[in-house]
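Just the one chain here, laid out as structure tokens, in the form predicted on its own.
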């Protein structure tokens, strides 16, 4: 089984991002990302740590903003709009906060995670502006490792607005034939066994077993599950090793690519706003 490591993909993205940042710095523009959250979630904290680390290497400033409670989240987003080129609200959101309200509060030109309805609509129409980074990382990884997409049967397990749905849209735009499955899908295994590409983003450790995929299938694991032993994916790695042709490991797969693409979007936003 071939492992689809994300590091070389991220390095290629970051190399071009550095060039673009140097051009911005030459114009005395320093990209700024505002990361907004309520409370603490282990997976979100891990992601924020990766963002800060890479942003510091690239020359992007990160402003971490914490709302005291759920009611302060949207007002904090509006205050952050004053200076940040890009804005990211960390999930999961606390009870009592509607995802739609939060997404609509982010200005579309600063919505580097592509959650505002305007940017979602552009992606759906095949004219993407900002794309949810993990979903875009799925496509970047497949392209980098030259996994054939045109005409391929693909299935995306999970219909979240930041991974599953946008990943399905991106694969469709690459001429794959895509099934979007979810928690209420009947006889899921019969669908996954018919697919050459399986993307799993359901948030359940080891959910995708080896007996659920076709021999030689490519599996992209977008799961992040924090366990006492560390971060684990949604695919059972041991089971995949016996059947899959290729697997993106967790950790070591999509994570680095996701962070690189998020910061690339911050640079795009800064370029657009300072023309």
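Positions refer to the first chain, counted from 1. In this text the structure is predicted, and so the values were computed from the model without any measurement. Think of the rigid core as the biggest set of C-alphas that the two forms share within 1.5 Å after superposition.
A second form of this protein, the form predicted together with a small molecule, is not displayed here; the remarks below concern that form.
Engineer: Based on heavy atom distances of at most 4.5 Å to the small molecule in the predicted bound form, which listed stretch, 223 to 231, 62 to 70, 236 to 244, 23 to 31, is the contact stretch?
Structural biologist: That would be 223 to 231.
Engineer: Can we say 183, 207 and 258 each have a non-hydrogen atom within 4.5 Å of the small molecule in the predicted bound form?
Structural biologist: Every listed residue reaches the small molecule in the predicted bound form, so yes.
Engineer: Of the residues 122, 149, 162, 191, which one places a heavy atom within 4.5 Å of the small molecule in the predicted bound form?
Structural biologist: It is 162 that has a heavy atom within 4.5 Å of the partner.
Engineer: Does residue 203 reach the small molecule in the predicted bound form, with heavy atoms at most 4.5 Å apart?
Structural biologist: It does: once the small molecule is placed as it appears in the predicted bound form, residue 203 has a heavy atom within 4.5 Å of it.
Engineer: Can you tell me whether residue 114 touches the small molecule? I mean in the predicted bound form, with a 4.5 angstroms heavy atom cut-off.
Structural biologist: So residue 114 does not count as contacting the small molecule.
Engineer: Can you tell me if residue 157 lies within 4.5 angstroms of the small molecule in the predicted bound form, counting non-hydrogen atoms only?
Structural biologist: Answer yes; at least one heavy atom of residue 157 falls within 4.5 Å of the small molecule in the predicted bound form.
Engineer: Residue 41: CA shift of at least 2 Å between the shown form and the other one after core fit?
Structural biologist: Residue 41: C-alpha displaced by 2 Å or more between the shown form and the other one.
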